[in-house]
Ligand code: ARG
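So this first bit is one chain, no partners, the form predicted on its own, shown in structure tokens.
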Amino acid sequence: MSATPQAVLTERLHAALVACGLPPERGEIAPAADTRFGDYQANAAMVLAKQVKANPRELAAKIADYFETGEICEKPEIAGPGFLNFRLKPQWVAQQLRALAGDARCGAPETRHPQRVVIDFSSPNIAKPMHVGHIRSTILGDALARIARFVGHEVVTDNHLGDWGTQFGKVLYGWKHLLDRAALERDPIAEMTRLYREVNALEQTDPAVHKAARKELVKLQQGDPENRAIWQQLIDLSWAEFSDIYEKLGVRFDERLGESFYDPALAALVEKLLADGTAQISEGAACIFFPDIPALADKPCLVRKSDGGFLYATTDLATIEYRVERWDPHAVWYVTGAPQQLHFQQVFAAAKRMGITTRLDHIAFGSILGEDHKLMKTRSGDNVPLRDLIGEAVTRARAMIEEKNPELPGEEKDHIARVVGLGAVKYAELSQHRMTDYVFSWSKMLSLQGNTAPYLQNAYVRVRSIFRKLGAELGTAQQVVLTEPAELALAKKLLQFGEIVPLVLHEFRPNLLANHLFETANTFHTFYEACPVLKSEGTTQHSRLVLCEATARVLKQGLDLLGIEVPERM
């Protein structure tokens, strides 16, 4: 289909500004805050009036006179101190709707400037369970990857696994002295976690255990065959657990290189940084200082400790070097929690000092809280395992379906429960601004009312039920006529889908898309109540069926971009 309403209006506003002798780049069009006064608005006259020393309303009138309305809208109206309001013509909206109903992209344009982007997200630790803390990174990262691919970027998803470090000395010691083979077969992650905790507790009272665990770590780092073999088992068993969770969530990765992959490069990297003056020795440690960056003036980036050990920053810098060489990306996005903001500020500043020109973005997010408004934990104070949370989501959704629609076949109930349960968890995350701390509430996220995935999925099901009752699909969209206010309101909301999707990546905010889908569902329900579909006839019925088809397409496509499926029945 052709460009979005906003794009067409923007192009014509730019032409009008040029005709007035004004700079076109100040001509921004935005959806109207109050649709009673129009569908879109611009404040160009108010912005430019000071520059050209003119009265804003008079300048707005001049711009309006030069604006070529054509078939798209009425002549711009002037409001307040100089706003330009634009009201779309129903005939043009109907034409665009007809095109959208048959468009696989639902009117969303592809970017004119495709880029290669590496997205670093999820990043669980080997020998530890994935837990509720991994929800935000995993779900947010996957949604951004889906949307970036959809708009035309080349995306490389990289799961940077925590597979190296002090904890492995403890697990190796526990494996050799405390391992329960039967428990390992039943639940590998639980047994590895037990080994770590028991050895950690023993170290507190027995210095010999601490010394022995440290020795096991050194042997691993030096390439001892036995320890490397055990370590590889830890990785394989952990990844089997992780991959099962990722499969349930529908999340995939192009790369999964752990910290260990970069370890051989760390010593040479630090020596290079010292040799070229990027890093300096301070109190025995190798540091990169940032005297020209006020926020980091007293916060150097340590790349080697005084005892010779390396740090997370060292690994992250080696990772950046590898990604730049391997992928030559335009940007690398790091989807990790807000507490790591200082770390990434230091790492990104250090990378710039190293001559890295690739754009580096830290996509931070807040925390998930329990209903007590504290960090979500189990009763014992542990992090809630992600596997258990996924299972409970599906179980609760199954119970809801059993109550609402008990006559469905068992297999269909299981399928719907998976789609609804997982969709509810994902949408609860993605409908929030990513920096918001939000309360994890089963009753709220599984509700069929309000801004939830089940509400949106149910809206899709309601649309599809119209075609089931009709006994036919839409077929090729023919003449479309929109006369009722509810018809026009829904059509205009649907046409905005193509305007919203590209905005998500500007500030990495999938909640913009989620909220638009919620508004679309609300607008559809208003239309559905006001405008009978199956009881109407002729062109009126066909036009309303086109609205229904376009609604189903937008809801399905939009939810898919968020990693959420839709059922055909609920």
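In this text, residue numbers run from 1 along the sequence as written. Note that this is a predicted model, so its numbers are computed, not measured.
The next section is about a form of this same protein that is not shown, the form predicted in complex with the named molecule.
The named molecule is not shown here, and in the predicted bound form it never comes within 4.5 Å of any heavy atom of residue 241. By the criterion of a heavy atom within 4.5 Å, residue 499 is excluded from the residues contacting the named molecule in the predicted bound form. Contact between residue 344 and the named molecule in the predicted bound form is found at the 4.5 Å heavy atom cutoff.
Residue contact with the named molecule in the predicted bound form: residue 216 places no heavy atom within 4.5 Å of it.
Proximity to the named molecule in the predicted bound form, defined as a heavy atom within 4.5 Å, holds among 405, 383, 340, 233 only for 340. Contact annotation: of the candidates 334, 427, 86, 168, the single residue with a non-hydrogen atom within 4.5 angstroms of the named molecule in the predicted bound form is 334. Partner contacts here mean any heavy atom within 4.5 Å of the named molecule in the predicted bound form, and among 450-458, 225-233, 411-419, 120-128 they occur only in 120-128. Although the named molecule is omitted here, in the predicted bound form none of 191, 196 and 377 has a heavy atom within 4.5 Å of it.
In sequence order, 312, 316 are the residues of 305-325 having a heavy atom within 4.5 Å of the named molecule in the predicted bound form; the partner itself is omitted from this view.
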